[in-house]
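Let's start with one chain on its own, the form predicted on its own, as structure tokens.
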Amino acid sequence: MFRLKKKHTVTFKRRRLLHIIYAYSFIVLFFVTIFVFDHYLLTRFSYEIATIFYLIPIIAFASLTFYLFYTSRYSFSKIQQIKAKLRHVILFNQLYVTDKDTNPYKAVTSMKFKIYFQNHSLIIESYPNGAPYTLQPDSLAKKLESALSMNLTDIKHRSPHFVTYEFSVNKPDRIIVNKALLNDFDPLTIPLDSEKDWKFTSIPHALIAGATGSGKTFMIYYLILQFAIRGADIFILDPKRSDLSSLKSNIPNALNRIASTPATMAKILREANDEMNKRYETMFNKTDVELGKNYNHYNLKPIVIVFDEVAAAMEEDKKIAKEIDSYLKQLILKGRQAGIFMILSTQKPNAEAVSTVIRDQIGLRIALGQLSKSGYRMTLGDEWDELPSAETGTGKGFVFLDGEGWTLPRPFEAPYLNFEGLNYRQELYSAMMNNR
């Protein structure tokens, strides 16, 4: 279809209907002329040569028709369809300058696009050439997204000369959680969908935000199971005493691993801080310690603390809330190398629930369901002006992975837990028991 990474250039090109009519008229006139002088041709040339004269206009007619169709938005070539749509963006938004006195149909300068495919993405580089028609990157992004009917995934200012827009060619496949997925896994990476992975050892901690019915709890269930099969020690803080607390029958030693009151939650966080400090003493209290090593190189188990509805815990007991916040900051800021990871969830990701210091250190951020613009910003960060187009609803929203070079959050559909085909409680219990 096209060569990967081969760049195709698109600039101003106005196709006048009158010129097309002239071209077809000339071909038809040429054919009629040959037909009129058919007897003369047969007397001067052989039958085979005379036939060639008839083939010339037929071939010209077919070639012109093929060219017009091939370079249109209806072309069977994907790259030609995209080029035609980009030419329409240039024309309809007047992203060009012409000399009206000499030839208004020839551009003096115009917006130039260079397009190529890379992995699962369409990359478009826009070169405005400093002309007065230059659009703001976000404004042009919306126009490109609408024209191409593709989801924008990123905008990157890689150079002062051009801006790079990245579009998803195909929607990532949603993960269906089954036995095969649980039996085949990378110990240091958790898949989020067919294209995105959470490398939790380098991008630590997670924040999941969403209102009731957004699918937030099921996303947490998924992450708990994924960490369980990787041998993690899992602790659950559930101030609302709701769905996550019901897992106590499936987690060994649940009395010491699941907490619902402010005091017991503070106790688990305090003990996690103590364990973190002990690990650092074990790992780095050596003269020959290797630089860059983490808990995994010392065969230490990851410790995962799931803190559901952080806001509810902070509001229940203001005095203990300060203690909890202090422990959270220590674990978030220092826990990665020691193998201690936090998964926080909240309906309202405001500063009272998750402080800015904590939120800025979280690598994986997921917003499910419908949130306000401020809610999206508090969850996903605020380095973007407009979110890309995406379907939102139960289990659907946006994801942002820090450290991946993204500048925009990306559309996301959470993994699907099919409880009819997967006995979640049994799988969780088996994973926890096998890795004790």
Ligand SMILES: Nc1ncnc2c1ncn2[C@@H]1O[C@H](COP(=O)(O)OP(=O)(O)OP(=O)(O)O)[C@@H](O)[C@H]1O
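In this text, residue numbers run from 1 along the sequence as written. Keep in mind it's a predicted model, so treat the numbers as computed, not measured.
Beyond what is shown, the protein has a form predicted in complex with the ligand; the following relates to that form.
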Check: Between the options G395, P388, G375, G381, which residue brings a heavy atom to within 4.5 Å of the ligand in the predicted bound form?
Finding: G395
Check: Here the chain is shown alone; which of S149, N119, T212, Q136 has a heavy atom within 4.5 Å of the ligand in the predicted bound form?
Finding: T212
Next item on the list: Tell me, please, which stretch of 226-234, 204-212, 319-327, 270-278 lies within 4.5 angstroms of the ligand in the predicted bound form when heavy atoms are compared?
Entry: 204-212
Margin query: Check T217 for me: does it contact the ligand in the predicted bound form (non-hydrogen atoms, 4.5 angstroms)?
Written below: yes
Notebook entry, point to check: Is Y24 close enough to the ligand in the predicted bound form to count, meaning some heavy atom within 4.5 Å?
Noted result: no
Check: Hey, in the predicted bound form, does L428 get a heavy atom within 4.5 angstroms of the ligand?
Finding: no
Next item on the list: Report whether the minimum heavy atom distance between K293 and the ligand in the predicted bound form is within 4.5 Å.
Entry: no
Next item on the list: Just give me the residues of 235-252, first to last, that have a heavy atom within 4.5 Å of the ligand in the predicted bound form.
Entry: D243
